[in-house]
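Let's start with one chain on its own, the form predicted alone, as structure tokens.
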């Protein structure tokens, strides 16, 4: 599509703009390219004509277009090795064997947010290989309780529960006893089905208030076992990006980070580390989303980084690749 000189020129413009956030002029490129300003202008005009560069309203310089970033990522960008400092920070987390996998992933993505000044997102689902070891309920009064579901992986889900009507403590104790006898060893993703079709009929035989108590516990455990954990780190980093100096734009993006249903759509289904630039992602046309799915020991989810289209793609991809490799080990 483009020749060697045009490729080198596009690479230089993309990488300079990533560093400075300022449009790149032909004059600044003359000495580097060792050719005339007219030659540079002609090449830049051609790159603009085919859609890889665009001109801003405030400068005679050029900036990469969405297509320019895509061409750079797909055809020009070279793999980057992590610095020893970056690697040490992440290795410290992965070598901490006292942390559960979910905590390790969250903490490593917090570090990446600090290193890149971008926003990181971790979407985790309940492990399919987690099995229930115990259900506990702490009554608070005759209509309120805290319901806890504990798994063999040490995972604990708890919910504050309110019943539709007052219940008796002895009835609650009987219900919990029956649930524990029948549900222990059940994979967490099968809890709702087992409660509804196997456990509910048994409770109905022995507990007078079975509807009131069962419905409250079913709703709590159904939500706990089917929810998606969402952890967003560094959402305010968007405030430090010169591209987002509009109050309206900042408010728009921050509101998306606050919308958990919207953020959950970032979930990745494809393998590998994937880059979605501008309109290629469903988050916002002015950002890039880089994400990958992970799966280990029955736990699965998505890790993602969101930032301006003007981001250090080679570094970000190296950081995410390091985390993915360490999860898979």
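Quick caveat, the model's predicted, so the values are computed rather than measured. Residue numbers count along the first chain shown, from 1.
Beyond the structure shown, there is the form predicted together with the DNA, which is absent from this document and is the topic of what follows.
Among the candidate stretches 280 to 288, 300 to 308, 256 to 264, 33 to 41, which one is within 4.5 Å of the DNA in the model of the complex when only heavy atoms are counted? Heavy atoms within 4.5 Å of the DNA in the model of the complex occur in 33 to 41.
In the model of the complex, does residue 26 have a heavy atom within 4.5 Å of the DNA? Output for residue 26 is yes: heavy atoms within 4.5 Å of the DNA.
Would you please decide whether residue 48 lies within 4.5 angstroms of the DNA in the model of the complex, comparing each non-hydrogen atom pair? So residue 48 counts as contacting the DNA.
Interface membership of residue 295, the DNA in the model of the complex, 4.5 Å heavy atom rule: No, no contact at 4.5 Å.
Against the DNA in the model of the complex, would residue 324 count as a contact residue? Criterion: heavy atoms within 4.5 Å. Residue 324: no, not in contact with the DNA in the model of the complex.
Within 146 to 168, which residues have a heavy atom closer than or equal to 4.5 Å from the DNA in the model of the complex? Residues within 4.5 Å: none in this stretch.
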